[in-house]
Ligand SMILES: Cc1cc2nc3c(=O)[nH]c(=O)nc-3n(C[C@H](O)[C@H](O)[C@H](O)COP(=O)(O)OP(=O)(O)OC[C@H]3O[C@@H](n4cnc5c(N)ncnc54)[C@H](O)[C@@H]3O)c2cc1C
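First comes one chain, alone, set out as structure tokens in the form predicted on its own.
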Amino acid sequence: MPGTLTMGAEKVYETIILGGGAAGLMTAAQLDDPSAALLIEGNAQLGAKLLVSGGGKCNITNVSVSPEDYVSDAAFVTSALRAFGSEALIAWLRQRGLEPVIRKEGQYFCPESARQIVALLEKASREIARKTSCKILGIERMESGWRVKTSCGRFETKRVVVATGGISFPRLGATDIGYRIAESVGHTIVPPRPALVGLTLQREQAFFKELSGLSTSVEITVAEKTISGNLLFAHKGISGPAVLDASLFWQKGRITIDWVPGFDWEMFRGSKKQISTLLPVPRRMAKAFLKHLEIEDKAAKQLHSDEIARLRSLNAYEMAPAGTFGYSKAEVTRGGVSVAEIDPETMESTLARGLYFVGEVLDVASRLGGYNLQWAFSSSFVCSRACSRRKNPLH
């Protein structure tokens, strides 16, 4: 029986999948011969990160997904998206009884909860033997393939699929084991860092903390990218969709925030209304920024030219974040296994035959909107197709 293994590795598997998240489960679900595979997961539960994604609704993918949506090598990403893009994914889910719904800005979500897609993936991969609560320790090359070392034994296989994800959300079991496995066979690791995460503040922006809980629409410019969306003031700094997307591109240095995008400053001319009333932001926020700019909250018509100039700086407010909220709050990890050393047609290592990498463990990341899960599913499809075709990866 595939599920009854001992330290002696009585069964040699065709494929062992390391990780039971989105990428691992999709790889398992797509294999032609699931009875010859084993999935190993460190958590007691499969799909732990999927269950909390999208506020528990799971933002599966987007109506429009292209290589330009990703921070990575465009040609590498293109291959996987062409093989299994968002339309193919939605069709695959529908065939299995899940009808994703579009909730906002072309984003597909589960109709009820993330449990639906986890249940679907578990069912689609049910024929594969599983080992949960099994910590992955590493792999070693053998003459006939690979030996996988875990806390619950050693298992032999012809090929290994590393679907261990990034290092975001360590409370959900995320570790750097995927990077360590890659390094053990000579792969380059693009230095990882938290992404889709809030940004912390320098002393100059300490007054932001007094605005915790307020949200406003902004445009953020970082690394020649302009991102529109809501910004949320938080106790630790700034967050919200616009900030999370901006964090994907920010490494250090300054960003520029337009707090009042599209605002017509002519509205101030001759107006008897208070400045804090005219500004299209929450009034408490308006008063805090007026204090920061050393401008009295008064009738707009009483503003001096130098005060108007200071107010207009709200269209191009420069600040240098101190850092990020860290991996505990980051939705994804930017960086990872260099795609320059991965075959885009198969997701196989070009340095070690029979070793594959899929999903977030690779140096591929994107903004909010379902793009990161789409990458997990697309890369896994390509990998499972290659594994199914290649019965003897070492020959």
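Don't overthink the numbering: it's just position in the shown sequence, from 1. What you see is a predicted model; the values in this text were computed from it and never measured.
Just so it is clear, the following notes concern the form predicted in complex with this ligand, a form of the same protein that is not shown.
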{"property": "Contacting member of 177, 89, 121, 129, with respect to this ligand in the predicted complex [4.5 Å, heavy atom]", "result": "177"}
{"property": "Sole residue of 136, 231, 211, 222 within 4.5 Å of this ligand in the predicted complex, by heavy atom", "result": "136"}
{"property": "4.5 Å heavy atom contact, residue 354 to this ligand in the predicted complex", "result": "no"}
{"property": "Proximity of residue 349 to this ligand in the predicted complex, heavy atoms at 4.5 Å", "result": "no"}
{"property": "Any non-hydrogen atom of residue 34 within 4.5 angstroms of this ligand in the predicted complex", "result": "no"}
{"property": "Close approach of residue 172 to this ligand in the predicted complex, 4.5 Å, heavy atom", "result": "yes"}
{"property": "Heavy atom of each of 53, 163 and 359 within 4.5 Å of this ligand in the predicted complex", "result": "yes"}
{"property": "Segment assignment from 163-171, 269-277, 295-303, 254-262: heavy atom within 4.5 Å of this ligand in the predicted complex", "result": "163-171"}
{"property": "Those residues of 14-29 which, in the predicted complex, come within 4.5 Å of this ligand by heavy atom", "result": "19, 20, 21, 22, 23, 24"}
